[in-house]
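Listed next as C-alpha cells is one chain, alone, in the form predicted alone.
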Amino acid sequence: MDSTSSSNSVAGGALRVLFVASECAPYAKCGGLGDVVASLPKALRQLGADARVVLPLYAGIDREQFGLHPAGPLAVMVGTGERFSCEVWEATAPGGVPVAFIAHESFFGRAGIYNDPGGEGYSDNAERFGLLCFAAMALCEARGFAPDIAHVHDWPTAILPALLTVRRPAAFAHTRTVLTIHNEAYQGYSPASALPFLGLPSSFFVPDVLEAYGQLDLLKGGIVLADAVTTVSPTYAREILAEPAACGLAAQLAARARDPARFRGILNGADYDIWNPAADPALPAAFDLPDPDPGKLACKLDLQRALGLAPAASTPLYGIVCRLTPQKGMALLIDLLDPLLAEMRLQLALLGNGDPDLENAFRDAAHRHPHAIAAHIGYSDALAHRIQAGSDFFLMPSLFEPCGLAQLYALRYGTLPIVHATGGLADTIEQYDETTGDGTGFKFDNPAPCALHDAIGWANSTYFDRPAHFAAMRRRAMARRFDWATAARHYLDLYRTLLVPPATTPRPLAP
C-alpha cells in the first residue's frame, strides 16, 4: 500500500476505499468472501476508485508464488496499549489492486484461516482479527492513506466500526464504514475477555451492541455500529429480516432496514476474466456462443474419462462443486442417489470436502455406482472449471444461499442450474417455462428430498424429451451476464451517500 496524500477525497480526486478482510483470492480463500474481496476492488478501480486491500499473511500463502515482497516493519498498538511488532508484505493483485499483508507469526502463522487442524475455531479469533483491524489503521496512518470508506466483511473484520468509535486516527477522521454480510450464520462468537485487547468499554458488552449468550458477537457489533450494511443479494437482504434466517439478529437487522439507503442487498458478480469458456486454460476445448455444442461435448467426454465415468455423449451429466456442509443441502441428495439411478439415466460428478459424514456418503455412493457417480473429495480449481464446462446441469440445493457464485459460473459455461429458490439463487436463475421454453434453469421452493427429486426429474425429461428447449436454454444461460461492474456501480452509489464533507465530523456511534 504505497503512500498517498492524506487530504480527504470527498473534495476531489479518486474515491479511496480500504478493504479489510480475512480472505482474498487467490491468496487465501475458503468461500465466496475470498472471491468478492478479489473482484470488487478490481471493478472499483476500473471505475476510477482507489481501492486497496489489507489481509493477514497466513502461513499458507506462498510468498514467492504470488510475488509478495517485504515492505518494512509496522508497530501496532492494541486496546490494552501493548505494541505488537508486525511486518508488512505487499503484492499487486489482478487488476492492479494493491494488497498489503500483515505478518504476525503467533496470530497468523498457523495452519488454517479460522480453525485449527481439528476443525475447531481458534479461541483467540477476536484478538487475531482485531490485530488485523488495528494494523490496517496503523498502516494507513504510516502511509498517509486516508480512506473515505472502510469496507469490512463478515464477522472477522466487523469489529472495525466499533474500534473507530473508541479511537479514530487522523487518517480515519472522515472515514465511513460499510459492513457486507456474506453469511449471517457465522457470527464470530468470542470470549468476553477479548474486550480489553480490543479497547472497548464494558458499555459495549450489552445485548443491543456486542453481547450474545455471554460472549462477544462480532457480527452483531458490526451490524449495529457500521454506517451501512449490505448483503450479497437482494433476496437474502429480505430473508434475514426474520428468523430463522436472521440467526438471532432479526431485531438489529430490522432496525438497520428502517433506513433503506443504508441497508441494501447488492448482488455479487462473476469475474469473467477467470470464468470464460472461450479462453479457459483448464479446458481441453474452448467453446462459446453462437455454437457452444462441439467444444462443450469435448469437455464432457474428457471429464467423463478423467473421472472414470462411462463416456456417453447422450447421458446427462450433473455437476456439483461445493463445500460439503449442511447449508449446501447435500443431505437432501444423498438418500436420492440410489433411487434416481434406478429411475433415470444420468451421471453425477462431485467436487468438494467438509463434513466427514457427507464425504463418506458420497464415497460410498461412488463405490456402489462407479460408472455413474464420481466423488472427488478435496478441492482443485482446475477440476472445478472442468466440471462446470463438462456438465449439462449444475446442482445447488442449498438450504440457504446468501448469493452463490457457482451458479453464475455454471450459466456462463452453459450448464443449467438446478437450485433451491433462496437468496441469490432465486435472484439469478430464471425458472424454466415448459410451455415457451424460456428460462435459464430449474428452481424448487421446498428444501426437501422429494422436491429435489422432482426438479432433477424435470431437468432430465427436458434433456431427453424437449431437446430444442434444452439447447435454447443453454444459449440463453451463456448470454446472461452478472458482471462486477454492475455491482461496483451500486457500491459506489452507496459509498457516495455516506461521504462526509471535510468540514464535518462523523456522527458519534458509541452506545
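Quantities reported herein were computed from a predicted structural model and do not represent experimental measurements. Note that residue numbering follows the sequence shown and begins at 1.
The form predicted in complex with a small molecule exists for this protein as well; it is not shown, and the discussion that follows is about that form.
Looking at 25-33, 467-475, 62-70, 453-461, the stretch with residues near the small molecule in the predicted complex, meaning non-hydrogen atoms within 4.5 angstroms, turns out to be 25-33. Using a 4.5 angstroms limit between non-hydrogen atoms, K328 touches the small molecule in the predicted complex.
At the 4.5 Å threshold, heavy atoms of Y409 reach the small molecule in the predicted complex. Contact check for G295: no non-hydrogen atom falls within 4.5 Å of the small molecule in the predicted complex. The shortest heavy atom separation between R323 and the small molecule in the predicted complex is within 4.5 Å. For the options G222, G404, P277, G441, the one in contact with the small molecule in the predicted complex, meaning a heavy atom within 4.5 Å, is G404. Between the options N353, T315, T92, N115, the residue in contact with the small molecule in the predicted complex by a heavy atom within 4.5 angstroms is N353.
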